[in-house]
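Heads up, what comes next is one protein chain in two forms, each shown on its own as C-alpha cells, labelled structure 1 and structure 2.
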Structure 1
C-alpha cells in the first residue's frame, strides 16, 4: 500500500484551522465594526499603514493570510468531494493554486507598503 503524501497539505490545514479558530472571528469583528461605521482606531489609514509597515507585522500578516487561505482551500476540496464532485485532482489543483495565488498577491502588496 502506498503511503500517502497528504501530510504536506494536511499540516498547513491543521495549523490554519487552529489559527483561524482563534483569530478570524475577532478580525472579522473589526471589519464588521468598520462596515457599521464604527471603524476601530487601528483601521485609520495612517495608523494601519505604520503598523503593517513594520517587517514583523508583515511577516505575521503573510503567515495568517497563507494559513487561512490554505485551510479554507483544503476544506473546500473535501466539501466538493462530499457533494459528489469526483474530479479530486482538478479540484485540489484549483483550490490550492487559489490559496497560493492569494498569498502571492498579499506578499506583493505587503512589499509595497
Structure 2
C-alpha cells in the first residue's frame, strides 16, 4: 500500500478548525465588549502585554496563529479545487506559504514583546 502525506496536512487542519471554532466567538464577544467600553480589567493592555511577554504564552499564541492560518489555507486550497482550479500543486504552494509567512510574521512580532 502506498503511503500518503494526507495526515500531515489534515492533522493541523482539523486542529486549527476546531481551535478557531471555539476561539472566534469568544474573541468577537470580547472585541465587542471592548468597543462598547465594557472590557474587564483583566483584559487591559498592560495586563495582556505582561501575559504575552511570558515565553509559554508566546508559544501558545504562536500555536494558535499557526493552526488557524493552516486551517484557513487548507480550506482555501480545497475551495479552489472545487471551483475548478486544478493546478493543485501551485495553489497548495501559495496558500501554505502564506500560512507559514503569516506565522513567521506573528513570531517576529511576538519576539519583540
Partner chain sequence: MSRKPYVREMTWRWIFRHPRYVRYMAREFSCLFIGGWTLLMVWGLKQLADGPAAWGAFLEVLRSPASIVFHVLALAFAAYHSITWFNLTPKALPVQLGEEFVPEGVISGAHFALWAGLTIAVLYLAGAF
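Source: prediction; values computed, not measured. Think of the rigid core as the biggest set of C-alphas that the two forms share within 1.5 Å after superposition. Residue numbers count along the first chain shown, from 1.
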Pick out the form predicted on its own: structure 1 or structure 2.
2
Threshold 2 Å Cα movement between structures 1 and 2 at residue 82, rigid core reference:
no
At a 2 Å cut-off on C-alpha positions, does residue 63 qualify as shifted between structures 1 and 2 after fitting the rigid core?
no
Value in Å for the CA shift of residue 45 between structures 1 and 2, taken after the core is superposed
3.6
